[in-house]
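For reference, the chain that follows is the form predicted alone, supplied as structure tokens.
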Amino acid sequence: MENEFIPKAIEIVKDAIKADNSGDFDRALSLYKQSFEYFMTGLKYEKNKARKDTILKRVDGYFKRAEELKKYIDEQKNGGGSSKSDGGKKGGSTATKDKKDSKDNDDEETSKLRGALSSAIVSEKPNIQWSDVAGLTSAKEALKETVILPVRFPQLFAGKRKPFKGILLYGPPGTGKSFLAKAVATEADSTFFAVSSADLVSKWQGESEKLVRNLFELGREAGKSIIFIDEVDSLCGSRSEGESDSARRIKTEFLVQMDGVGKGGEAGSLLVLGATNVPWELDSAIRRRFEKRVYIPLPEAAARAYMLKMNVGDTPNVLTEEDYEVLGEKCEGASGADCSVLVREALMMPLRKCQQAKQFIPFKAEDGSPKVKPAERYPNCPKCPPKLSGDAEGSDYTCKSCGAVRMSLWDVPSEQLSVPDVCRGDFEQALGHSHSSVSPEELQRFVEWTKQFGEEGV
């Protein structure tokens, strides 16, 4: 995919320079900040190292100029003098005007921060139903009673009975935590915010905690809403002596906002849904605020079989229900992501059969059109001469017994190729070089943490 962020950043910074040169320093500073967001996002996807270094040098220059402008503007607001090199603005503003300008700037900053968070709102539902999530019955029930029931049956939550306001999904990588969140986004009649550390961490001092506060305020104003924080440990890890003040302030703001979820809106109107692969790295105060902590373990055999079937989908195959059950048993220790990779590998096997085939067998399709399918690389046909069943160079030859024609895939007309259906043997071959991405030692650590702080989500 083409990196569109860098060109957009350059376009914005050009406008910033124009505003800077014309003396509109407030607008210039705002545009510089906006361009930095696009530059930082674009640099994540930039693969060319030389181009990345060039961009970083330019951004460093823009950043220094933005710092100068910020310092100058702050001095003007505090009644300081002006200098031509800094911009040449005249001082002498009244206290009333300063107060009005400060309020306008605060409103403008809030609008800008909310604009940056608008991309976190999921406007199009992912179209993932509860039935698409294999297993995880307890986890689905916990989410339903917190997200769906309060909207559908508000009379169930009377008196002191309130839905949970914080749920943590934790478990090994690839077990379906983010997939569950997508199901929630599809099924819930709520505004869904999907955020990560990149959306909430800013290089500008004090802006990160403002982003956190504005995120929660947006959620409360939207009424029924869900804030999903993926990899929540990257934002709310354990507090330590060596961490930066900025990281500590972000955690403090999270603690304050999660405690105040019920404020400024209907009780239970905002749910914070977190996901992590390393729950033991969470700060203890953050862990406490996630009232319900649900373990998402590796799938059982039945769930693995269901995942294999779902991932195969409508790809032409000859697999039976029994085949899926047997394959599900053979995939022990595999996560949902591992099952997906296994299916992708197995689906490639028919293509490899076509590429490796030395001969193809012609036949008539149901509509009477001529087709060819790859024969076995070494067909068990006693009347085929050795040159057909070996790797020696062949010639235009057709076996009168099995009908195999000596040719390679590249000699077959495109419209005549019939691709073999996926079969159980393809999966068994793929299983020969597939491995689980989760070690037994990692699993044991999750089990121990669950005994102390969590609950099973199977």
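A quick note: this is a predicted structure, and the numbers were derived from the prediction, not measured. Throughout, rigid core stands for the largest set of C-alpha atoms superposing within 1.5 Å between the two forms. Residue numbers run from 1 along the displayed sequence.
Keep in mind that the form predicted in complex with a small molecule is missing from the display, and what follows is about it.
Remark: of stretches 219-227, 175-183, 153-161, 367-375, the one touching the small molecule in the predicted complex is 175-183 (heavy atom within 4.5 Å). Taken together, the three residues Val133, Asn277 and Met310 all lie with some non-hydrogen atom within 4.5 angstroms of the small molecule in the predicted complex. Under a 4.5 angstroms non-hydrogen atom cutoff, the small molecule in the predicted complex has Ser340 among its neighbouring residues. When contacts are judged by a 4.5 Å heavy atom cut-off, Gly328 does not count as touching the small molecule in the predicted complex. Contact annotation: Gly336 falls within 4.5 Å of the small molecule in the predicted complex, judged by heavy atom distances. If you fit the rigid core between this form and the one not shown, you'll see the Cα of Ser418 move by less than 2 angstroms.
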